[in-house]
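Starting off, we have a lone chain in the form predicted alone, written out as structure tokens.
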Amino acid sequence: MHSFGYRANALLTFAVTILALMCAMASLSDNFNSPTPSALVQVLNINWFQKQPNGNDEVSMTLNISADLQSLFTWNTKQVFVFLAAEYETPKNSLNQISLWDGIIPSKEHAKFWIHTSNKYRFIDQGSNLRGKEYNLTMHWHVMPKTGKMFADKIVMPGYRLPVEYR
């Protein structure tokens, strides 16, 4: 006969194997979800656009942010981290990204939202590169599952331009 320790080891090994198999199946089931999120951002006002004493450009703006990210939620979604970034090119860098706003969406019920806000983080360029600059507003999100790998995606909204003169 087998000892108690041998039987406990066999049972524990079997249980952990089944748990790992269930986690793998749960993670793979997320691949069948085809999310269709939508987002719209309006720049209502440039509150100020100034040159700082050290020579950097700084912008403050009022935004309307609306999004429907409910399709990102499945039974395996723990939460979604979402942020809005301004993206533009300068002679030194092909891509500059500045986070303007962010949030954590804890559930599907909170995934459809409309926010009226000023940029939460400072929009500063190292240099005088922002006057008359075209930029994109990009809504990024990172889906954090209960089990499995995280995935990220974005919606790019082009066609925004900063003023030519400081205000």
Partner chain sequence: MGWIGETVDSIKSLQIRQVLTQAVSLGMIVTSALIIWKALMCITGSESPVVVVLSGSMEPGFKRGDILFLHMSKDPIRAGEIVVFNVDGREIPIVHRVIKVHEREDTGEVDVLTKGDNNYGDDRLLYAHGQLWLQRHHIMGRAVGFLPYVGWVTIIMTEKPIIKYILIGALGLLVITSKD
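Numbering follows the first chain given and starts at 1. The model shown is predicted, which means the values in this text are computed figures rather than measured ones.
Although it is not shown, the form predicted in complex with its partner chain is what the next lines describe.
Asker: Looking at Lys112, His116, Arg122, Lys51, which has any heavy atom no more than 4.5 Å from its partner chain in the predicted bound form?
Answerer: Partner contact (heavy atom, 4.5 Å) among the options: Arg122.
Asker: If the cut-off is 4.5 angstroms on heavy atoms, which of these, Ala15, Val156, Met150, Met25, is the one near its partner chain in the predicted bound form?
Answerer: Checked against the cut-off, the match is Met150.
Asker: I'd like to know whether Ile104 contacts its partner chain in the predicted bound form, with contact meaning heavy atoms within 4.5 angstroms.
Answerer: Because a heavy atom of Ile104 falls inside 4.5 Å of its partner chain in the predicted bound form, the answer is yes.
Asker: May I ask you to state whether Ser99 is within 4.5 Å of its partner chain in the predicted bound form, using heavy atom distances?
Answerer: Flag for Ser99 set to yes.
Asker: At 4.5 Å between heavy atoms, is Lys133 in contact with its partner chain in the predicted bound form?
Answerer: It does not: once its partner chain is placed as it appears in the predicted bound form, Lys133 has no heavy atom within 4.5 Å of it.
Asker: Hey, in the predicted bound form, does Asn45 get a heavy atom within 4.5 angstroms of its partner chain?
Answerer: No, no contact at 4.5 Å.
Asker: In sequence order, which positions of 63 to 78 have a non-hydrogen atom within 4.5 Å of its partner chain in the predicted bound form?
Answerer: Residue within 4.5 Å: Lys78 only.
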